[in-house]
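Okay, so here's just one chain, in structure tokens, the form predicted on its own.
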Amino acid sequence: MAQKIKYASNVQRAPAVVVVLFILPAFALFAAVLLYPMASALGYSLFEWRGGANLVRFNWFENFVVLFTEQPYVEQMPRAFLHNIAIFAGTLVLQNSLGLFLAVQLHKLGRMRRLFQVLYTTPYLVSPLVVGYLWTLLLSPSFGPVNAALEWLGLESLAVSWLGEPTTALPVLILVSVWQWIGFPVLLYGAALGAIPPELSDAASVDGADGWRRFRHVTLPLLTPVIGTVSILTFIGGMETFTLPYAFGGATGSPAGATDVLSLLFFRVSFQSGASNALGVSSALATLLFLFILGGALLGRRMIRAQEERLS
């Protein structure tokens, strides 16, 4: 017994050099892919770039002032920001509610559960660009099967140009985003439901609780950490979305800017504006977007943690 205790204590005390060697490759990749680009963007945002190393001037926060005082940023940035918020809010409500509902229903199935999980998760394994172009064809007013089906059912009034009307383009984008990513919360909620001891629900049933009350007072509180994780990841994805709006409306967020988002505005400023200080202004925009996402994620995590403590 003494030898086993001594062996266990030796295993727990790994040399610092070994720990560093294991951490170093992952940290180097993390620094090269994330930390360095973020630090570079922050540095670039504090300079005015005029086309060469000899034409760089430190200008403090003037690039940030430009975003809030000059055209076209004064008009386009608030509109794009509101579209990001709308995408996040719509996706959050639909993904959380529908994903949880599907996960609960699949949890009740037997051998068919895995098949439906695969079917629901397949779309988010496909590139968002491919998904965007696929739905562009499906929703085409000329030859798209969606409008053809509506006309066949006698609903010609609903057969509109879904991606060509400013009033329908953004809702369609939200619905397609939910369709693509619904499998992710289904998997997370399904795993969380499988980890809940069935004895808790059985005990509540013995006490007279019906199905809804068991779900409301037993299952749902235990899913709070997973709901928080899905909500935070949805917030991050909604604020940094680029590929799907680009596939639907191009770099300008057509039609009439109805699908414009902050990432598209960043793309236009960086690569299409032709402005002499495009690097500085686009870096300032990227920095603002990063700070907002970071602050929102930290705030959301704090709120979820407070809710977990209240329920515990």
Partner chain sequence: MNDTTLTLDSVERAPSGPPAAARSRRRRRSPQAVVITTVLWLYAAVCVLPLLTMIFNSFRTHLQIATDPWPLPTDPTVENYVSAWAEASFGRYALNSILITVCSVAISTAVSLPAAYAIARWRFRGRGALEGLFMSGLLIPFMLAILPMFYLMDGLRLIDSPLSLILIYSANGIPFTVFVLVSFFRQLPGELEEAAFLDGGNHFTVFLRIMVPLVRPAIATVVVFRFVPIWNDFLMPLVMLRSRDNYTLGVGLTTFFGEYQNDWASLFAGLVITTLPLLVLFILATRQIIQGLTAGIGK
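Positions refer to the first chain, counted from 1. The shown structure was predicted, so the numbers you read here are calculated from the model rather than taken from an experiment. What we label the rigid core is the largest C-alpha set whose atoms superpose within 1.5 Å from one form to the other.
Below, we turn to the form predicted together with its partner chain, even though it does not appear here.
Visitor: Under a 4.5 angstroms heavy atom criterion, identify the one residue in A89, V218, L134, M77 near its partner chain in the predicted bound form.
Guide: The residue from A89, V218, L134, M77 that makes the contact is L134.
Visitor: Using heavy atoms only and a 4.5 Å cut-off, determine which of L158, L115, L82, V93 is in contact with its partner chain in the predicted bound form.
Guide: None of the others qualify; the residue that does is L115.
Visitor: Using a 4.5 angstroms cut-off on non-hydrogen atoms, would F47 count as touching its partner chain in the predicted bound form?
Guide: F47: no, not in contact with its partner chain in the predicted bound form.
Visitor: Is P145 close enough to its partner chain in the predicted bound form to count, meaning some heavy atom within 4.5 Å?
Guide: Yes.
Visitor: With a cut-off of 4.5 Å between heavy atoms, is M38 one of the residues that contacts its partner chain in the predicted bound form?
Guide: Answer yes; at least one heavy atom of M38 falls within 4.5 Å of its partner chain in the predicted bound form.
Visitor: Considering non-hydrogen atoms and a 4.5 Å limit, does its partner chain approach M303 in the predicted bound form?
Guide: It does not: once its partner chain is placed as it appears in the predicted bound form, M303 has no heavy atom within 4.5 Å of it.
Visitor: Which residues within 22-38 place at least one heavy atom within 4.5 Å of its partner chain in the predicted bound form?
Guide: Those in contact are F22, I23, P25, A26, F27, L29, F30, A32, V33, L34, L35, Y36, P37, M38.
Visitor: Relative to the superposed rigid core, does G295 relocate between the shown form and the other one - that is, does its Cα move 2 Å or more?
Guide: No, shifts by less than 2 Å.
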